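Heads up, the chain below is alone and in the form predicted on its own; it's given as structure tokens.
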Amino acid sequence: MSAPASPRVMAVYGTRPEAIKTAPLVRLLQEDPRLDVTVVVTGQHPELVERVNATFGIAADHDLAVMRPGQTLHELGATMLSRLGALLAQDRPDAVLVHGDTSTAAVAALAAYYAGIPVVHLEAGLRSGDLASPFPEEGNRRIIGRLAALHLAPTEGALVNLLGEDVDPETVVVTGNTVIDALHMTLGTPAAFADERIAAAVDGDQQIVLVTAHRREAWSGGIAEVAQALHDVLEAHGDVRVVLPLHPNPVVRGAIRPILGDHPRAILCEPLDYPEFSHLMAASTVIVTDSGGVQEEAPSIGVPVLVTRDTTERPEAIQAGAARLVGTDRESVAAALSALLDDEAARTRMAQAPSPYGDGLAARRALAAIGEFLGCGQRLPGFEPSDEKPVRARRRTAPRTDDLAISALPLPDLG
């Protein structure tokens, strides 16, 4: 008589942030003999996700290749729903794992729901309270919250949000955020900068301001305002360099390049591989960002963060004093950044604020919760943040190379 088949988990993701945050858990699922995992990429960020997968030694089993030039959210969603529906009908996994709040995550959860397959939501329970900000992410995660059977919440605050929406507490596990796992893994491995301008900036003695910008709600002017603020700061501070990896979206690039493209101390570059970006974060004086993941990563390595948004679903870092919400107004952003660059004591206070987002073991807790959900394991105790000050990470260098992929990143161990 043959042994019963192992429970099967289908992990679906499509964007670079999803790939980074899902990778530590996918790695553990691949190594666990109790479970089988199928990796599906939708193709929202095709080249970027492929590079993340290569970094973490992950190969996709299916690529839905959904992106088309000029595609609307409606068209994107319809294409993903159709292709995922067909794949789920063919494969019939025991659970579908989605992450966060992207269109991929929301549509994959809906497709699984239509197919009668349980949804596991990694990074569950984040809420801004405003359906228009961030858009469409806030709507996406609320949809997934109603459909998920297992909620892997990164913080106690996310748990409280879910309980406030009448989610069964037995279906929620506080894991910490897997992005901290990914960050620990990459910072533990030497990396080099392929861009000579960035390498020179990191090796120099100027202050580095790392910037990311991409939010859809800021396309109509907010991103340009932030770029103008950065230009103002560069003009007023001769010892500052701005490094801004450009999001692939042409709207974002069109807002930034005319303002910062010719400034001699602004480095506009293509998106960095995750090891490069992690080590650049560790080398930065201040980070200016509208990214959710960066709001979580930077406090864990003691780098102050200015959040260029009007609202955030990640209030823990702001409450801890590690981050500040500054909006996108040109004068406000310039004033906040200048004040922080000029005041080392203020930067130190922010850098030493306890990080609320994780200890590098979130993927282990998530794996245990999934194992229990599928009847082949037992939950671990939930994540509780520490009051310890973060240790400022130091960049570890490696010989410069065109291939920054890391096929065997170290995994943390609960033992």
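Residue numbers run from 1 along the displayed sequence. Source: prediction; values computed, not measured.
Just so you know, the form predicted in complex with uridine-5'-diphosphate (UDP) exists too; it's not on screen, but the next bit is about it.
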Considering non-hydrogen atoms and a 4.5 Å limit, which listed residue (Val9, Leu25, Ile20, Val12) is close to uridine-5'-diphosphate (UDP) in the predicted bound form?
Ile20
Just to be sure I understand the contacts: of Asn140, Ser284, Ser291, Thr312, which is the one whose heavy atoms reach within 4.5 angstroms of uridine-5'-diphosphate (UDP) in the predicted bound form?
Ser291
Among 211-219, 194-202, 113-121, 78-86, the stretch whose residues bring a heavy atom within 4.5 Å of uridine-5'-diphosphate (UDP) in the predicted bound form is 211-219
Since only the chain is shown here, I'm wondering whether Glu297 would be in contact with uridine-5'-diphosphate (UDP) in the predicted bound form (any heavy atom pair within 4.5 Å).
yes
Taking any heavy atom pair closer than or equal to 4.5 Å as contact, tell me whether Asp273 reaches uridine-5'-diphosphate (UDP) in the predicted bound form.
yes
Do Arg241 and uridine-5'-diphosphate (UDP) share at least one heavy atom pair within 4.5 Å in the predicted bound form?
no
Pro245 near uridine-5'-diphosphate (UDP) in the predicted bound form, any heavy atom under 4.5 Å?
yes
